[in-house]
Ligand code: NAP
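There is one chain below, alone, in structure tokens, taken in the form predicted alone.
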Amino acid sequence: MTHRVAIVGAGPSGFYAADGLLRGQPGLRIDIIDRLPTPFGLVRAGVAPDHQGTKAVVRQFDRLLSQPDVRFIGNVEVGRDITWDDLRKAYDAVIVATGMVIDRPLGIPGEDLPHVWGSWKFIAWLNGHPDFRRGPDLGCVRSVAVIGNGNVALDVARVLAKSPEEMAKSDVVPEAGEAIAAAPLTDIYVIGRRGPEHASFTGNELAEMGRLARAVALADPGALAAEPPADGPTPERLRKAKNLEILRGFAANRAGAKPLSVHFLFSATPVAIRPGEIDLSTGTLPADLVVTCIGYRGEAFPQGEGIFSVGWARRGPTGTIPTNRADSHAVAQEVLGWLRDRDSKNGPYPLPSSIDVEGWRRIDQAEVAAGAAQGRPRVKVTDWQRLLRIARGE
């Protein structure tokens, strides 16, 4: 009898795991289970909406959903609709690909104020995640503090800084795009706790900050005398050297050259947040909105025989979407080894309230059609009940 594998989480690591399993054992039965009625996880809800090239990876995943032995089971939440024990009893192996979608706290006074947002919640709002439909009030926001020195911090700063024309071909949800366009923004501060030589930006993303239509990127030349650490692998040293080169170019820019300024600050640790300002180890800045980009944590899941994890659930929130491919393929080999000498169970567990791949296709078609009318890739459906109605053909 053919083995059955459940993959919990329909994001990149889950799809790469399915791909690895089918490459090693064609004909394996795979159910990809997700609490949302839409697949693709982080690519749909966590990638900045203006980076459509990154989102194009879903075409690979969509082809997997066309495989006869792969099922998408959406609108099913483990813990609400089915237990982990149910999964273990029904499937021959379970792969956890739930990622990490809880923003890490700063651990300073004032971080619970309503104008302080974690990056996951903020970018999920931009992307139309149905759990995050109410965004920050940007009506009086002039200054924004973005805390973090990685690409997520750049994503937040860039989307806030871009003009409506630059965002026109993105899939940012209309209400978020309109709120950003109407905000009276003048300053965005990208704040790093360590020096510029330790920033984890990638060169292309950092350089893009210097090409924005309405925003000028600025840096203090006095903070850029550092050199990349001499140790570590060569690619990392080269990346950090490139970052410093780009930042030195920003230091030569003229403040006030464009209506909006993006300031890169280093060696500045947040100490406290108050309405309208943030205290750093180096002084106080105005901040009508604070977005923290300091990493994520995930929900606990059971360990033990027959349960495997991939992606961020396995290694923590590190790496890019392509990083997950090799990781997930390696875990797929572990799973195939585990299954090799085992009899198959009966499975699959009946899930009558789920949304299947045809339901997802109805949502996809509705969103793409709405986007075509506006010259955008898609306009996402953001309401839970409407998503379910469309998926069910109602």
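Heads up: residue numbers just count along the shown sequence, starting at 1. Just so we're clear, the structure is a prediction, and the values are computed from it rather than from any experiment.
The following text describes the form predicted together with this ligand, which does not appear among the structures shown.
Ser267 falls outside the set of residues with a heavy atom inside 4.5 Å of this ligand in the model of the complex.
A residue is said to contact a partner when one of its heavy atoms sits within 4.5 Å of a partner heavy atom; Thr284 fails this definition for this ligand in the model of the complex, lying far away. This ligand in the model of the complex is not approached by Thr98, whose heavy atoms all lie more than 4.5 angstroms from it.
Residue contact check for Val310: none of its heavy atoms lie within 4.5 Å of this ligand in the model of the complex. Distance criterion of 4.5 Å from any heavy atom to this ligand in the model of the complex singles out Ile147 from the list Leu247, Leu126, Ile147, Val262.
Residue-level contacts in the model of the complex: of Ala157, Ala215, Cys293, Val290, one residue has a heavy atom within 4.5 Å of this ligand, and it is Cys293. Listed stretches are 318-326, 137-145, 298-306, 251-259; the contact stretch with this ligand in the model of the complex is 318-326, by a heavy atom cutoff of 4.5 Å.
Contact here is defined as any heavy atom lying within 4.5 Å of this ligand in the model of the complex, and by that definition each of His51, Arg104 and Val152 is a contact residue.
Of the residues in 199-221, those that come within 4.5 Å of this ligand in the model of the complex through at least one heavy atom are, in sequence order, Ser200, Glu205.
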